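Here we start with a single chain on its own, the form predicted alone, put down as structure tokens.
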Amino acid sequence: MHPVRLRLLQLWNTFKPQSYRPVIPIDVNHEALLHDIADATGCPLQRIRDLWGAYQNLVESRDHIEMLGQIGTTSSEEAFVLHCLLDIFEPPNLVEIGAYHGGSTRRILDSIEQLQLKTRVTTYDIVDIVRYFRPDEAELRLQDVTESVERDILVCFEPGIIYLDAHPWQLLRNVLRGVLKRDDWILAIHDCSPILCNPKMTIPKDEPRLISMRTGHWERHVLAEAFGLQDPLDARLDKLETDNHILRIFATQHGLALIMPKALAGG
């Protein structure tokens, strides 16, 4: 097929009416979430419960839900998973890939303040449209790390937590591959819910600008490939272990995935 006609066909398949129609849930089973966090991290359930109580006060006092939203962004429940990881592991660094307006960064910074940690926050994006944090609170680096994630993040920073909230297929694949080679970084990935997974993606993998909730997201496709499953909607993907890592996808609004070295579990 002629390249121009192929490109037009790809665009048509992207935007024409499809059977895939994501509906993001508003409510989350908080009790189940607390148990799942405790199970994944090896942390005592009571400690997670205590963190949850204090975290609710933080969300209310900082007006997170009203100011930052819950749908189409990092929700309070998803930010709480990161809050727990910060408290349990006290990482020297948290690296965020995909800053956008900085809403998730704001939640992370407020968690660090409440927990009285010295975690350094560095966030990456390719444009500066940040609204919710100041340069003295977190460093924004305008850089595409798709081809340099190992050199510029995994080797450059003292190991800690990576929060990946960006959708390009190659970026997701490279970050995940780099982390799975190591046993010292914790990776959290947003938008891994089955609800956001279109098993019949029609957009090309090299067209990140076309990715939206309407098309479906690549996250579960990349995770399934990395962990040896054929179907990105396979329920085994939500709770899986290898010899060296665990994978958990929490049942939050958008599905927050946690990839953690087994050596760190039980922190």
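It should be emphasised that the depicted structure is a prediction, and the values quoted were computed from it without experimental measurement. One-based numbering along the sequence shown.
Keep in mind that the form predicted together with a small molecule is not shown, yet the notes after this line are about it.
For the candidate spot formed by 55, 93 and 119, no residue has a non-hydrogen atom within 4.5 angstroms of the small molecule in the model of the complex. Contact check for residue 144: a heavy atom falls within 4.5 Å of the small molecule in the model of the complex. Residue contact check for residue 160: none of its heavy atoms lie within 4.5 Å of the small molecule in the model of the complex. Although the partner is absent here, residue 186 lies well away from the small molecule in the model of the complex, with no heavy atom inside 4.5 Å. In the model of the complex, residue 100 approaches the small molecule with a heavy atom inside 4.5 Å.
In terms of contact with the small molecule in the model of the complex, the residue from 110, 125, 87, 77 that brings a heavy atom within 4.5 Å is 125.
Stretch 67-75 is the answer when you ask which of 149-157, 67-75, 178-186, 193-201 has residues with heavy atoms within 4.5 Å of the small molecule in the model of the complex.
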